[in-house]
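Quick heads-up: it's one chain on its own, the form predicted alone, in structure tokens.
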Amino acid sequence: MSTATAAPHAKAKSPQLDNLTFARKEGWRDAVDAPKRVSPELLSTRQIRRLSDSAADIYNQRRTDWHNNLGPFKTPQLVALHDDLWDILDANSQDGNRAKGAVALDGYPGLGKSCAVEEFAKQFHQREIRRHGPYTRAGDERWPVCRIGMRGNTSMKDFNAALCDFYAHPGKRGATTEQLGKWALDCVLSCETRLLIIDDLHFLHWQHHGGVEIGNHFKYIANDFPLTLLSIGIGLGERGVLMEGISYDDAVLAQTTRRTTMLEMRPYAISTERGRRQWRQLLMTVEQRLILGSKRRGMLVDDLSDYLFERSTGHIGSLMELIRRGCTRAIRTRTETLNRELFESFKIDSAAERARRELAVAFRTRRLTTRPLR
């Protein structure tokens, strides 16, 4: 097939995951079962220019889809988190009448907490299906994982309704909080769900009764739902998910604290040799996956390591936003490479843009560097 008339591997199809939601079981299943994306063929700038307009358009679209969905990467943070989660989930396989230990994953925005948990949950889902099959002994569909995303000012009733929505439970209109909770429990039991993920937990009504209502509800889930509760959020300790400031005379809240393991994800740090090497390894991995006509070895690691840390402040979410937008612009403008001039032509999240000012001075005066010192 001539590259002048058709894009390389034009018939290769990427999984269509842009129109699904993890708030419904079918969307979660499609994400879990989707085949791995196939990397577009790496063409030189000269070969790209020889493509016909229609072939170039297809090739550029495939590259954009590829770059927009890079990862997840097996960073040290992700590997450590997955190790902890496997330990906790496997240790929670007691008989169903025993309360399970819960997990709270805390950290700043833009650290990849949700992506890391979703990747783990997909692996857990696949393992459970391999071990036990797609249907339960009663003939119901098996759903090892349920994921719920919170939204602004979510109440306990909204939370229970979201659980029912995930399983497509029909009875919701006019139901009470208690009734929705019972229906959710029925779905969990029927589908033999073993992992409940609550993302953006900080959106719940924390001020209501000082957080006691939430603590009671989580205790109810831990006692009556035969699953592990995994909460993801920002500032969970400060907001009271573990009730760290409570008096231990309050047995209900103290019990929640005793059953919950707090895990954290942190941004990359370059204050140590190990941290600098980890940062550069991440850039090397990203660089290897880029499909740009003028890509060259060391484009990110040798030329832009300090700059990319300055722009992203070590947050992988901000780094990947830089990479995605940079690749999009490099393809659209036909520059087919990433460099400082291109990155300086656009902004990313305001938090990273504000924080970079102080880092820029530190890098300029050589008080900071991402280069190994030995």
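The first residue of the shown sequence is 1; numbering continues from there. Just so we're clear, the structure is a prediction, and the values are computed from it rather than from any experiment.
What follows is about the form predicted together with a small molecule, which we do not show.
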query	finding
Partner proximity in the model of the complex: residue 29 to the small molecule, non-hydrogen atom cutoff 4.5 Å	no
Distance check, residue 154 to the small molecule in the model of the complex, heavy atom within 4.5 Å	no
Partner proximity in the model of the complex: residue 109 to the small molecule, non-hydrogen atom cutoff 4.5 Å	yes
Partner proximity in the model of the complex: residue 71 to the small molecule, non-hydrogen atom cutoff 4.5 Å	yes
Candidate stretches 297-305, 111-119, 143-151, 218-226, one within 4.5 Å of the small molecule in the model of the complex by heavy atom	111-119
The unique member of 92, 177, 75, 190 whose heavy atoms fall within 4.5 Å of the small molecule in the model of the complex	75
Contact at 317, 320 and 324 by the small molecule in the model of the complex, all three, heavy atom at most 4.5 Å	yes
